[in-house]
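One chain comes next, on its own, written out as structure tokens in the form predicted alone.
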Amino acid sequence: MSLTPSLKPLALAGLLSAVAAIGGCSDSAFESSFAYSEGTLSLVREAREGTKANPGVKKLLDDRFGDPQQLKAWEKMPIDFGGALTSVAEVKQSESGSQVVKLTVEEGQSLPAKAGTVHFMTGACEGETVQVAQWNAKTGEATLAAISGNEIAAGDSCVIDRGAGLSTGRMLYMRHCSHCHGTSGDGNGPTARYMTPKPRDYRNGVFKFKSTNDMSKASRDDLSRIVKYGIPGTYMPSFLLMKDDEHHAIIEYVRFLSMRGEYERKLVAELSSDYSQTAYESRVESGEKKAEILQELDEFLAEDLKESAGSLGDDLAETWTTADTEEAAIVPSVPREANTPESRRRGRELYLSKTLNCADCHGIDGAGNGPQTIAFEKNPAKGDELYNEPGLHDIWDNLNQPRNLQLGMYRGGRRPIDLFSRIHAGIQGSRMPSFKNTPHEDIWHIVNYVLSIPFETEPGATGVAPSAAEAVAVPAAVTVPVAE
């Protein structure tokens, strides 16, 4: 596998055609839609679509996340959907009989210049969204286009233009990201087929390069760093010239796509063991009656799935919320060890040790050529069946070459703390494991050694970078011939 991003041979013309085809229309993408996962499509029709009385996976998913043209803000999810949080100060009627609410914001904040909708968060109108016919930003008075059937009262909390931030994020994502990562975040955009490594599929909720512990999701800061600076050695570019609010909007939309994908996977997992097409056919072949299986499924949708649909969302929200807490962040217990020859020697000893055995993948000389690169792995997704090709695979079934440490290129960042985080937490989705139980001073020794590898005269030999004097070649002695 190439160590640098590459296009498949003779595919450049196709790539340019694909870019041209989506250019100019990707901002709006009126025809776009979220694709359902293979897991959802593998279920029997009744599990996918639901029955007359009970929703299936598709409806549960659509009710909570919507589609690209009509996104939905599932408040349970820890996403900044955007909009101005306000409260009702006064309710009155205009001369024409329209209902007018005067809205206020917390001290230090300001009302938006424009307002299209008011979404009520508390009170008798909780959950309702009302169109605004007229808006006065100076007074905070909103004339509502329709009078709510319930009574609006002073003190009710509401949001002006709820979901505006998510809509902005979608627009920016469709313009800058979807051609690689796809409308659904499945890593299957029109240009993805030409790229190595493949664009990230967000639907697992897994991001490789993060500063949180091995059990946590990526934090907002982690995603921000990737968006701003890109990923060296891949086609993920830097968007450093974007404004901060644009960065924020894209990050929240990527989180939205990730949570949608994860929620879909969790719903499918509840059904697949008994109600996938394969499981259904196996049950029929073993003597069960089709009508009884479908009746059982209808009862499962009505009771078990209805109950678990809420708890699955709670669990998902908690894991993403935790990622932005101090408890999830990787914080070394000791400062970085001084980058001395002794530290680098100790780092190489640890690198080669049986306990850590980094050389098994990265190679004795750090060139990414360890014995695991020629071994045939088992595929856990296919009953531990061996892969057809040797080497290490990630959870997206891509063949991954271990990092060639001689190049000095680190996709998760080259700061010492970035390498510390990779070693401490591993790289989610890949075969790089977590070494969180390794003493932190030892991790720093390994960091010092790894950073020295590109500068060694004989990579992997000593773990000691050459001194400045050693790095300069000594000129050969010149002998002046003696005249005869």
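Quantities reported herein were computed from a predicted structural model and do not represent experimental measurements. Throughout, we count residues from 1 along the sequence that is shown.
The form predicted together with a small molecule exists for this protein as well; it is not shown, and the discussion that follows is about that form.
Q: With the small molecule left out of view, choose which of M236, L316, V159, L271 has a non-hydrogen atom within 4.5 angstroms of it in the predicted bound form.
A: The residue in contact is M236.
Q: So which of L267, L257, A115, C361 reaches within 4.5 angstroms of the small molecule in the predicted bound form, heavy atom to heavy atom?
A: Flagged contact: C361.
Q: May I ask you to state whether P433 is within 4.5 Å of the small molecule in the predicted bound form, using heavy atom distances?
A: Result yes; P433 sits at the interface with the small molecule in the predicted bound form.
Q: Evaluate T104 for contact with the small molecule in the predicted bound form, applying a 4.5 angstroms cut-off between non-hydrogen atoms, and reply yes or no.
A: Contact check for T104: no, nothing within 4.5 Å of the small molecule in the predicted bound form.
Q: Please run the contact check for G83 against the small molecule in the predicted bound form: heavy atoms, 4.5 angstroms, yes or no?
A: Looking in the predicted bound form, residue contacts with the small molecule do not include G83, since no heavy atom lies within 4.5 Å.
Q: Just to confirm, G412 within 4.5 Å of the small molecule in the predicted bound form by heavy atoms?
A: Yes, G412 sits close enough to the small molecule in the predicted bound form that at least one of its heavy atoms falls within 4.5 Å.
Q: Tell me which of 137-145, 296-304, 219-227, 104-112 has residues with heavy atoms within 4.5 angstroms of the small molecule in the predicted bound form?
A: Comparing against the small molecule in the predicted bound form, the contact stretch is 219-227.
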